[in-house]
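Next comes just one chain, in structure tokens: the form predicted alone.
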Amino acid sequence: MTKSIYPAYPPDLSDEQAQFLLTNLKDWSIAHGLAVRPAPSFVSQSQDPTGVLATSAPVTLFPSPFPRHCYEEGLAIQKAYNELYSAIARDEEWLKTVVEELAGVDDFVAKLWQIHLEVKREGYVQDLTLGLFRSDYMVHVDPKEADAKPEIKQVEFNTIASSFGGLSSKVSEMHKYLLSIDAYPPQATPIIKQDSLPQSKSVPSLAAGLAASHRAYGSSRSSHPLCVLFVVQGPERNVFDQRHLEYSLLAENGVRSFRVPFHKILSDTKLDSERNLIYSPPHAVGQSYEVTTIYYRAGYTPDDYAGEEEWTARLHLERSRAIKCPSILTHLAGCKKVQQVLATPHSPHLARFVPDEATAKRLLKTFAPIYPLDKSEAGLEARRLATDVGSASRYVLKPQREGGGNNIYRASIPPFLEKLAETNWPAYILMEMIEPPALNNVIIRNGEVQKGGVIGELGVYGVCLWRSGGQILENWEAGYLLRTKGDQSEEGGVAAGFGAVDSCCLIDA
């Protein structure tokens, strides 16, 4: 971390102030669905055998200061990122060259690609794809420059199961509420003001994206009523985050949706003769729906595929006429290897997808240097950096995985590679660490108060709906998420047990 660019923060609280603030935070969180299912380590299955209990999601007590121009740039550039990744997903030949580099060392990526090839041989029956994306950034202050200005650097781009859109809207509402009832002490109000707390619009915006896909599908071909299908993990700890989108989809757009655990896809859905996906709710015997859109909140990690049945289920869904969010090619476009190929210094690939030089330059400015671990010239340099304890301290090693908890950091990289067969090294990318400015906050997790240094990560959501031929039908920025973790934690996943949901307090820095 670099020196702080933020004002002294957060303010000290008296015991009475702290109690008032905590009580209102906890009550508001549960009352408004800012919640998760408790982790087994917090509430055992014997204490909650039916899985009905909920607890406040990990949140910050105060909104975290965030440079206004960094926040505004993250939101402003999202439409360009949506177009970039939709273009990558449409360029099968280019994506094939990237995937084939991974297929020999990453079975998960190889199996996803094989499903694409199998559906392609039969023939795709749906040319529309929906992306509910999230581009994640950290504030970076170059430690090598004395008067460096803060800027955003991309951590990763998520093309599947981009979570916390539901809770992000709620936590920004919560911080505004706490300010409005004077829960924050007077010494905080010069920093925390209503006009410095941007409201995240992620719930209505992401739900509107699902609704746009639902409409674009057209009329029913099977005579059954239409619906959207949420494909979820079971059990699902992050259920309330998803429910907020489901409720908005119905209340604001009039679109019915259903939740189906990934392992029940084959029992609860079927394909008719025209490959329309038909869902039969187990609770409504004799009633069936034609699925317009498959929204994946599962299937992004190898852990979701316990055996061949889950792979058969994924193929079953991909063969259908339903619009996929995302399609399997869009899922593959989110591989860390794609990010590396774009962001490796002097890479020519970005220009292939973004011909406008001004837009490409703007995107390039958000890239942190990333290297392959193959035997190319850049890869050999990365291997030297990653295996030396001194230089490795400036890097993070990332596999082709989503969900948090998968990365290897700094001094842990050389011993990790020493134990890993060298033939598997190309499955990883080496990314230069982003250097965020020092910041303090208070995190509330499982009822415990954790105060100290933190690091924030800004996620900007995007909605994009396109045809395989290249026509983009919908494209918009869809709100933001701020995740904050203790500065001793290298990971940021909230559901994975590392981060907390936060909101921005914009400052001029």
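Position 1 is the first residue in the sequence shown; the rest follow in order. What you see is a predicted model; the values in this text were computed from it and never measured.
FYI, the form predicted together with a further copy of the same chain isn't displayed, but the following is about it.
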property: Contact at K111, L380 and P399 by a further copy of the same chain in the model of the complex, all three, heavy atom at most 4.5 Å; result: no
property: a further copy of the same chain contact in the model of the complex: Y9, any heavy atom under 4.5 Å; result: no
property: Contact label in the model of the complex: H214 to a further copy of the same chain, heavy atom within 4.5 Å; result: no
property: Non-hydrogen atom contact Y124 with a further copy of the same chain in the model of the complex at 4.5 angstroms; result: no
property: Close approach of Y289 to a further copy of the same chain in the model of the complex, 4.5 Å, heavy atom; result: yes
property: The unique member of H346, K419, H283, K144 whose heavy atoms fall within 4.5 Å of a further copy of the same chain in the model of the complex; result: H283
property: Position in contact with a further copy of the same chain when the complex is considered in the model of the complex, options R410, R256, K270, K149, heavy atoms within 4.5 Å; result: R256
property: Stretch in contact in the model of the complex with a further copy of the same chain, which is absent here, among 63 to 71, 34 to 42, 455 to 463, 470 to 478 (heavy atoms within 4.5 Å); result: 34 to 42
property: Residues of stretch 53 to 88 in contact with a further copy of the same chain in the model of the complex (4.5 Å, non-hydrogen atom); result: L53, A54, T55, S56
